[in-house]
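Take a look at this single chain in structure tokens; it is the form predicted alone.
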Amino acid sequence: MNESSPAERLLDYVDRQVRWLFSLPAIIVMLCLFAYPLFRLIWASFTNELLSSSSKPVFIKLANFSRLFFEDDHFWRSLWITLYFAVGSTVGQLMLGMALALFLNRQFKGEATFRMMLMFPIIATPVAMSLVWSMLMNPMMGHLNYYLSWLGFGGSLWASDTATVMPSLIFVEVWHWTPMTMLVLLAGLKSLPREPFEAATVDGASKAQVFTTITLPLLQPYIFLLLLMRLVHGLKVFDKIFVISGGGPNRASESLNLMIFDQAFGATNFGYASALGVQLLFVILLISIILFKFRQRKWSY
């Protein structure tokens, strides 16, 4: 029996490990782009690192987290503002997106033109779009108050008042991302089987009964996907709030992302900002796990 040559053994090894060799570049990229920054964030959260100082950071154990939970009242307020924005914008997008998807799920003249016009908000970049909305909502020179006066309503302070800043920001977020929600739900409606709807029509079910007992249950995978995506995105939003309100007035719209930015680049307290980032990551993971558990439990019945 002839012994195989080194080249043959090498080719045989490559053939047996080819699935790992092809995945290796992607694994290296993911480690560089995700694993290292995550490790760096967690490590910095246990130090007193300052961006304005060249001294070596000191390991201070849980001091940043102790300050965060027991000393910094702004953290809890920012956490509430973040959840308020994420939940409010997600619910608004799902409700309005569902209404538009049901409206477009039929043939009528001008359907393609109307659908194309609905796509305009997601074409614009978030920062440019936020700048436009900040000008429109200007209490003194904005067009929105001018249009409201046409309808006989009084003007609003919009993002310049603590009572209206969060509803205004949620309104802009809903306007921006509802078209994407509508597209996903419309694709779901187009893919649904027709037999259950035809059977319900023969049985004399009303449109409301068909929607609640057939349409919504069949759309559960699409609704869950949108709920997860839009909720997580709402928790991470920074650009709109930073451009339109800057976290004001009186920190009434300061989300966790803005608080992290202010601590890292305003106060240059990178260690404390990292601790805030770890908490935001924990909140996102917790909400994602809860949603997945709820989905599995509901679908197992």
Partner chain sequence: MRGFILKRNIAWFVFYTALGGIVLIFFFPFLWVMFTSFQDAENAGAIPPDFLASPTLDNFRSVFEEGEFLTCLWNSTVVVVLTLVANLIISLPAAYIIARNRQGWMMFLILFLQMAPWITLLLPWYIIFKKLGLYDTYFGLVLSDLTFMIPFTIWLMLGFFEDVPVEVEEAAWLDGCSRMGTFVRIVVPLVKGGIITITTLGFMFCWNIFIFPLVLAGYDTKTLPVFVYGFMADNQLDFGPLAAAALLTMLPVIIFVLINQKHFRQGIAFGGGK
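The model shown is predicted, which means the values in this text are computed figures rather than measured ones. Positions refer to the first chain, counted from 1. The term rigid core refers to the maximal set of C-alpha atoms that superpose within 1.5 Å between the two forms.
The next section is about a form of this same protein that is not shown, the form predicted together with its partner chain.
Put simply, L118 is close to its partner chain in the predicted complex: some heavy atom of it is within 4.5 Å. Its partner chain in the predicted complex is approached by L100, whose closest heavy atom lies within 4.5 angstroms of it. For the chain shown alone, I290 is not a contact residue for its partner chain in the predicted complex, no non-hydrogen atom being within 4.5 angstroms.
Within 4.5 Å of any heavy atom of its partner chain in the predicted complex lies no heavy atom of T90.
Annotated contact segment (heavy atom within 4.5 Å of its partner chain in the predicted complex): 173-181, selected among 173-181, 157-165, 75-83, 200-208.
Annotated contacts: A26, S134 and M140 all touch its partner chain in the predicted complex [non-hydrogen atom within 4.5 angstroms]. Site annotation in the predicted complex: the residue of I223, L192, I214, L144 reaching within 4.5 Å of its partner chain with a heavy atom is L144.
Applying a 4.5 Å heavy atom cutoff to its partner chain in the predicted complex picks out P25, A26, V29, M30, L33, F34, Y36, P37, L38, R40, L41, E49, L51 from 24-52, in order along the sequence. Remark: with the core as the superposition reference, the CA shift of L24 between the shown form and the other one reaches 2 Å or more.
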